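Laid out below as structure tokens are two forms of one and the same protein chain, each shown alone and named structure 1 and structure 2.
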Structure 1
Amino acid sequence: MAKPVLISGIQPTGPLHFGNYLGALKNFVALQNSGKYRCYFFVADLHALTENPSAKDLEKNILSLASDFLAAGLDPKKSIIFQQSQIEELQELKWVLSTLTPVSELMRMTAFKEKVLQAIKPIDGEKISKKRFEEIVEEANFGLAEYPILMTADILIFGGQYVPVGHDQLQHLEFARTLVRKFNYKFGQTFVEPKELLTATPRVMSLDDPTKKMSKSRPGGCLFINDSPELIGKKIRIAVTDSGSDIKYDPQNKAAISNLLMIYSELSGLTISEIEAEFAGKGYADFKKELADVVIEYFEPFRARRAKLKSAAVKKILMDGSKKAHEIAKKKMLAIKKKIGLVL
């Protein structure tokens, strides 16, 4: 019996930070190595176009993300690793699916509204009126709205059965299941409804403001997985802490130290309770020094593997994976065209 298909991708929008790693890439490697799935992992460069990157930046970021994939442990012998934009059939399937999608449904997507607001980068605390928001939506690029249709095509063109997601992506996955039901009802059984693989995604907060998620837009509070050991040590050393000195996990009252404890636990394999016991009676400075050592040691193999990667070799892996993915997508799209009457 064939293993079920699992698929997911990451946008190449710059260096990956700890939130990206702990929320996605670390889990990708574990799922691949479980041996339970036929895995497809892709560089979501078409999705990244919604952020209007320059051609130079996009090209650099595609290669950088593919290098991160490989250095983190994704293996082209175990998974198909490919570049989204090289799969021409995605655009055909996206168009077919768009004809089954009411525009109003796209406008209601929570992620769409959030992306629109991110695009205009409102001042912290600024309230956006309904009228102003409607004006902003009218000005937004349509890629932000049709994002979930392309995401659905990403999954269905390869027969995706499982998608590793966090809670913030559940609405998009339900949208994909709705489109599957609509298509199957109209044209006959063609797709399976993809299921979520909910990950215990830790919510990594900024080192300089634990009330905000770690983000590339706040580089000072962001730990990037390709940071040098010296920079990791510096960022952790100056990370904000809470009043008092107890090393205790209490997100409500001690958000800063709780965020650091979570990172320590995720990378060390120790439970929060074990870490609290280890640092009982010690201060923040001792804890931060040990945390920096844990982070530096954890990513040492990653840095070593990444340093050995040559651009030409990474490009070849992407090209080879894209060719494999394209052959699979081409066969699937032909079957879809037959179903809907486009093949005479």
Structure 2
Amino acid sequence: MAKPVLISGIQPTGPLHFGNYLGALKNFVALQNSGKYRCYFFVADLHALTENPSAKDLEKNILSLASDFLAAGLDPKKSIIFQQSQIEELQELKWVLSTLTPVSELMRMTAFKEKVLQAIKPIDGEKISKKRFEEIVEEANFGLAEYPILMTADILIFGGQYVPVGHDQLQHLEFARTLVRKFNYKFGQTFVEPKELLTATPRVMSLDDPTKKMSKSRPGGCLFINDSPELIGKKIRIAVTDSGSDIKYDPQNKAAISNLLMIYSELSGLTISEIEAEFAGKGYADFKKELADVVIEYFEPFRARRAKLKSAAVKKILMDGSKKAHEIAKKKMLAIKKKIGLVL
């Protein structure tokens, strides 16, 4: 029997932080190497356009993200690694899917609301009235609203069954499943409902505020996977901690140290209780120093591999992967068009 299809993408919107790595990229590599799936991983450059980057930044970020993919261990011999914008059929499928989507469903998406609000940079805790929110929505670019439809198209055009993502993408996957059901009901069984695959750390929290998720939109709280060893040491040293001094996993009462413990555990391979035992009777400063060492050592091979990558070689890998993905998408789109009555 053919192996199930697994697919995921990341937007090239700037350097990857530990949330992106522990919630997504590290898992991409493990899933690829498990040999259990036919894997597709892509640079979601069309999604990144919703942030209106300059052409120069977008180009740089596409190459940088593809380099991160490769340095982290994604391998073009095992996975199809490609650039989303090379797959023209996505536009066609997105259009078809958009005709099955009520506008109100798009307006309800949490990610949409957050992105729209981000544009006006509200102060933490500031209340926005319903009327003001409606005004802001009217100004938002339409791509932000269509975002989940394009994401659904990404998954369905390759027959994606499993989608490794972080916690913040769950609502988008629920949306995708709803669309699959609608499509299949109207046109007959065509797509399978995609399922998310979460890691043990689907929501890494910010270093400067453990009540918020680590996110590119709040760079102050991010540890980036390309940060230098010195900067990693410094950021961990000044990361906020909780009251008390025990190194104990207790997300309710000790959110900051619990977040750091999860990072330690994921990168060292030790369990939380093993780490707690190691630091019994020691304080935050000792723990942070060790954590910085663990992080710096863990990313040593990543930094070495990344430094050796040449941009021409990275581009070629993306182009070759995109060609393969495009061939598959073309066939699938033709089959979809037949189903919906567009092929005479």
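Nothing here was measured: the structure is a model prediction, and the numbers come from that model. Throughout, residue numbering runs from 1 along the sequence of structure 1. Heads up, when I say rigid core I mean the largest set of C-alphas that superpose within 1.5 Å between the two forms.
Of the two forms shown, the form predicted alone is structure 1. Once both forms are fitted on their core, the CA shift for Q91 between structures 1 and 2 remains under 2 Å. Core-superposed comparison between structures 1 and 2: CA of I336 displaced by 2 Å or more.
Shown in the overlay between structures 1 and 2, fitted on the rigid core, is a CA shift at E274 smaller than 2 Å.
Taking the core as reference, the Cα of L170 moves 3.2 angstrom between structures 1 and 2.
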